[in-house]
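Only one chain is shown below, in structure tokens, and it's the form predicted on its own.
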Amino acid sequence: MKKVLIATLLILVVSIIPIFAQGASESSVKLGFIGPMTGDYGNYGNLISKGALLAIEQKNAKGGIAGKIQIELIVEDSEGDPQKGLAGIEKLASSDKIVALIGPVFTGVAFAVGERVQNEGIMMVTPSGTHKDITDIGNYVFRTVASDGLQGDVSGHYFYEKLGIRKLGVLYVKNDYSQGLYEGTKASFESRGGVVTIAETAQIGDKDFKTQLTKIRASNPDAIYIPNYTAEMAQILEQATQLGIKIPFLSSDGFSNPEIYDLAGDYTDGVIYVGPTQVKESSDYKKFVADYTAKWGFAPDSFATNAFDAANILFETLEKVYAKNGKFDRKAIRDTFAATKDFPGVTGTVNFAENGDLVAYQGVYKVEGKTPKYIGTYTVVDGELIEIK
């Protein structure tokens, strides 16, 4: 009799558990972030992650998703190393069970992590991974930053047509970001009739660029293109001054990081670079800058702004998915994010191309002392440079 009673109780408990599980509400949802938080490139990860963290704080203050589910951001430090990025996504995907990823920050890490999230079925949106081939990894990969394909096109055309440069020297570090920009800019520049007189390279972590700069000077270019990260560019500019090089310098969106003026502010005057378009001074943008600065004690860069928009688009996605499914299904999140239409971001209206690229233009800047001055907004259509008024 006792055995029958125990068996009956067990059946009742087992039958009740699914009822409670099915009706249980989630109290939190986890997003991941991968970026360099320490080391030479730690400034990038810190600036960008804080854009996402601010968005999360503001959303959670309003109750979170569906007014009741708090959002948690789990940050993994890649140090800019693809292998450490892979270790980070392994933890985020398997242990933390994130539903989506903001990042990675750097191109090389984005390639490595992109393959993993595509296979895992977790969508990622990078606010700063610019290499044109990143979104070719698959349909779970997005970005809220312009592709290097567009940046290279605009750079080559602008240097030739607007600056009158005919001979270009190049010094780039051998990583996916810098090499991709060099190759795209070279192809665009040469398509207009320009000539790359010399292309010198350096290894990741190099500190001395005087040998390369001396060779570049000997090739007698009209300008020197340095599509690198801030640490390398700061050293290149300082060492060029030490060598007495007077040739103008050109750069890429890496120059939009304000750290360049802390590292090399005495050498930045006159640099022209192609990067993110200037964000209109809308009330939403002004509020974001004010909130970010008040929260963290320094102003956001363009990539932090991209991360803030990426996070808010994800929140809208999670709201829709939860309202429809009552849970955070990874595939539904990917599909809903891809269907984003005319999202009112602080950077402007956000749309994605079919391949996951941001529909975007490029801005051109000239540095006066330590202050970047906006020259204009450009794109390339059918091989022609177009200024967007």
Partner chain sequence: MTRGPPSVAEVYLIKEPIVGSIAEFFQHLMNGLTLGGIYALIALGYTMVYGILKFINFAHGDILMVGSYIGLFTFDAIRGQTMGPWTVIAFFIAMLAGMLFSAGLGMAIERIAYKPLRRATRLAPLLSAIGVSFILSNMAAWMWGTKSRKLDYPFDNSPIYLKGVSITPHQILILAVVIVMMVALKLFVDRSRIGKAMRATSLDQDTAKLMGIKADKIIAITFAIGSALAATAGFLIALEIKVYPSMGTMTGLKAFVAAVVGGIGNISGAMLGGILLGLLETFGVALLGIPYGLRDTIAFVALIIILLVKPEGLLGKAEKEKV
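Numbering follows the first chain given and starts at 1. All figures in this text were calculated on a predicted structure; none of them were measured in a lab.
The same protein also exists as the form predicted together with the partner chain; that form is not shown, yet it is the one meant from here on.
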Heavy atom of each of 243, 249 and 269 within 4.5 Å of the partner chain in the predicted bound form | yes
Check each of 222, 190, 259, 319 and return the one that places a heavy atom within 4.5 angstroms of the partner chain in the predicted bound form.
-> 259
Just one of 163, 263, 195, 289 has a heavy atom within 4.5 Å of the partner chain in the predicted bound form. Which one?
-> 263
Within 4.5 Å of the partner chain in the predicted bound form, counting heavy atoms only, one of 152 to 160, 139 to 147, 204 to 212, 298 to 306 shows up; tell me which.
-> 204 to 212
Is residue 43 a contact residue for the partner chain in the predicted bound form, using a 4.5 Å heavy atom cut-off?
-> yes
Using the partner position in the predicted bound form, report whether residue 72 sits within 4.5 Å of the partner chain, counting heavy atoms only.
-> no
Touches the partner chain in the predicted bound form: residue 239 (any heavy atom, 4.5 Å) | yes
Closest heavy atom of residue 167 to the partner chain in the predicted bound form, within 4.5 Å or not?
-> no
Which of the residues spanning 217 to 235 lie within 4.5 Å of the partner chain in the predicted bound form, based on heavy atoms?
-> 217, 218, 235
